[in-house]
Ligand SMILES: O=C(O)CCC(=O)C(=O)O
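Next comes just one chain, in structure tokens: the form predicted on its own.
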């Protein structure tokens, strides 16, 4: 690895400082990303939602399940959806768009969108909005970069993450560890890293630095920078919200267009619907049609009619979108 890698996660208190850090290091900690009131509202809604998902047997977690009350999930080995026994060392609260207006407001906030626009340009959307809880016993995560899903090394970021910190991140709580500057690695160096000791569990911590932060901060990174969750040995619980934005050609992690509830959908503005992947991107995709004759869901920049199977003599009728009620 290069000898001139940055040896700490740089910090910022302004958007301009944060953008400069992202350009140079690929990662920044934006201090006081949240106002005190916003932090309190997000903490309260987040904790309540996580507790009730465990109590009602619909939590997605890693750890020991209660006998007969969990089914193994397809998500990854060792991951369960159900009721954990005790406090799980990992819990994911997925599809936050359906779980409180405070999460939508956070995802569409001026500061979050400014950071996303800086890394991704004018055309991007959110591909995941989820909560993450890490507790004692959580292991080291594979060292990776988020654009590994792409079959080539891109010269620009196509995905970026804003990790909003809801509880203090100390190093022993499994704070995410980064190798700042690795977003600028050329393809040969990336290929070497993927096949060498950098890839897989950390052989040691010499190359990585922890993103230590306090509640209300945000850890923001370019999808090309190498990182991985640290090991948690602390009795304290780490809570955060992961907001992943991407260029429109990437497949979403959470399929918002199909998953936003009927109760939440009418509350979204056109700008919020565009953020949650309701914009038809030219001729390339994301077009969707009404699901039934009364469905007013549509792209933000197009509205297709309801057209079922039409046959001579059949009562089935198409409905122009402007006639859908």
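Keep in mind it's a predicted model, so treat the numbers as computed, not measured. Numbering follows the first chain given and starts at 1.
There is another form of this protein, the form predicted in complex with the ligand, and it is not shown here; the text below is about that form.
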| query | finding |
| --- | --- |
| In the predicted complex, segment of 79-87, 113-121, 143-151, 93-101 with a heavy atom within 4.5 Å of the ligand | 143-151 |
| Residue contact check: residue 132 to the ligand in the predicted complex, 4.5 Å heavy atom | yes |
| Partner proximity in the predicted complex: residue 176 to the ligand, non-hydrogen atom cutoff 4.5 Å | yes |
| Close approach of residue 224 to the ligand in the predicted complex, 4.5 Å, heavy atom | no |
| Any non-hydrogen atom of residue 161 within 4.5 angstroms of the ligand in the predicted complex | yes |
| Sole residue of 208, 229, 108, 167 within 4.5 Å of the ligand in the predicted complex, by heavy atom | 229 |
